[in-house]
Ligand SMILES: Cc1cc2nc3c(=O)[nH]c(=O)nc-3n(C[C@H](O)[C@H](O)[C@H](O)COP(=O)(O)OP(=O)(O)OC[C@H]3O[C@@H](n4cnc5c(N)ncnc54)[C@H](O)[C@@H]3O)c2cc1C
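What follows is one chain in structure tokens, specifically the form predicted alone.
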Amino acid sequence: MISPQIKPGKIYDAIIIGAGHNGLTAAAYLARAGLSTLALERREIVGGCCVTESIAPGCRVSTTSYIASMLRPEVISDLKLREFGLRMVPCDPAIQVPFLDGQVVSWWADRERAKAEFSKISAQDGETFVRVDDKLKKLARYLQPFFLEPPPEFDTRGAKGLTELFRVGKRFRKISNAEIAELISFLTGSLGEFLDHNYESEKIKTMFLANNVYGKHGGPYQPGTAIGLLFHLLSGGEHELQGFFGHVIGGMGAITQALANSGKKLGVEIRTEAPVAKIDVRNGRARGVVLEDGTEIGGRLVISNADPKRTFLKLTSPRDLPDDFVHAIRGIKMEGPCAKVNMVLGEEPRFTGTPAHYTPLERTFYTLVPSLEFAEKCYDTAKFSEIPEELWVDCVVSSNADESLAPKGKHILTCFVQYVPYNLKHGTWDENRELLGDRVVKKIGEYAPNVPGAILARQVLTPLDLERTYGLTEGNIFHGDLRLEQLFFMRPVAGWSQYRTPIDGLYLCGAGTHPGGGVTGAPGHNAAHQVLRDWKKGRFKQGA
């Protein structure tokens, strides 16, 4: 039990609910500023969905999140994560799509090499790639500054409202009318229509698809799916590279271990196996938390890294919140739509068509989705609460990038799966878990025939498992779908996008806030800085 480790009667300046990567990021920044900070984690390990766990003796895997793409360089630098063991190896190729005819298309980090690769399929598409890449990167740079600051709240009046408008306006002072039109098109349009308009080869279109609707509701022809083209070109990694994808040595848990150790050095207290039952709210103000074992912990501030639905529909009482706010929270779109399947293999997967000269690192990343039409049909099936017979599977042979994850002769294959429903029309996920695993293995076997016979251990995480084990309401990895009406100043809900909540002293710092999901550290960074701005005004310095 965790309770005896907590000093009786102590009042913390800040209590963090959930020691996932955003919670740990927020905790470290608050402690660095001098606030006494306690981070509480319901599981026996820190990390939330950014963890490395054993699934067989000596075999470790990034069980949930599996690639570092946009981890903010400011977080890496400010919290000195390299000093605490963080090391990332660029994914190169960043995307690799095998096709059933035996051709493998690789998207290399070097743009000229990528252009040459694409030109083998279509010379026109190779030229188009360079032109479109320039355009997309320029548009993404307009959005980049908003990543590490609160989104504007346009209903603010008076001088503060003018300040907000000026802050937004200066970010776009050099944008042209044509670029404004393009930006709106990307925010509202479909990925499929954009690709059909710009590219002629179905294989090239499929390769771009493979990078842009991860974990999101909607097939590639649904409105709003084009935004992924910009989102994944925001910079990440310690060198702030646009479109960075990285394998984390030691698995994704190395990120949260580095964050935890950095936080501890700054003074953060971390308690595991300490599930929070409720947030203590009195007279409209958060006063601390109550653990499931009844332990009460006082705090001047409470910052929740849980998703908005869990925070406001389970950890607080509706009577402490405005009715319209509770109604808006209930309406946040969640419901999956993805799963994970992790495997230990007795031999390395051999994906048909992979060139013999490719290095182990170049044989690491494979996305199994044959076409845009396939993806659209897959989503349509899941949309009606059925498990698709044919699944989209993202495969990472992580032991090829990091030999420390498995003993010699064994290999780690981690698979991200979409689209799958949270609610099933027939049966339960407990009854259908292995059916999902079997369908994933069958799909992989079409591209890497040696895999089905090489499996030594298998872990299947359904949307329900993601909810039960990792605390993701309805199994949503982003704490709320990434769709236009749930982004920017409408995340988590309109009027409450700046990390504060209707309860005084209660803040959000998780992926359900701006700028959203992915292992970026941005929500935790932004929330901590918002808390510190309020703290400096003297609002919370009185006792809890």
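Note that the structure is predicted; figures quoted are calculated from it, not measured. Start at 1 with the first residue shown and count on from there.
Missing here is the form predicted in complex with this ligand; even so, the following discussion is about that form.
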In this shown form the pocket that this ligand occupies in the predicted bound form, once superposed onto the local C-alphas and checked for 3 or more atoms within 2.4 Å of backbone or C-beta atoms, is open
Work out which of G505, G48, P492, P515 lies within 4.5 Å of this ligand in the predicted bound form, going by heavy atoms. G48
Just to confirm, with a 4.5 Å cut-off on non-hydrogen atoms, which of G353, P275, P318, P407 contacts this ligand in the predicted bound form? P275
Does this ligand get within 4.5 angstroms of any non-hydrogen atom of A511 in the predicted bound form? yes
Check whether A31 has any heavy atom within 4.5 Å of a heavy atom of this ligand in the predicted bound form, and answer yes or no. no
How about I412: is it within 4.5 Å of this ligand in the predicted bound form, going by heavy atoms? no
Should R483 be counted as a contact of this ligand in the predicted bound form, where contact means heavy atoms within 4.5 Å? no
For this ligand in the predicted bound form, the stretch among 304-312, 179-187, 130-138, 223-231 with residues bearing a heavy atom within 4.5 Å is 304-312
Within 6-24, which residues have a heavy atom closer than or equal to 4.5 Å from this ligand in the predicted bound form? I17, G18, A19, G20, H21, N22, G23
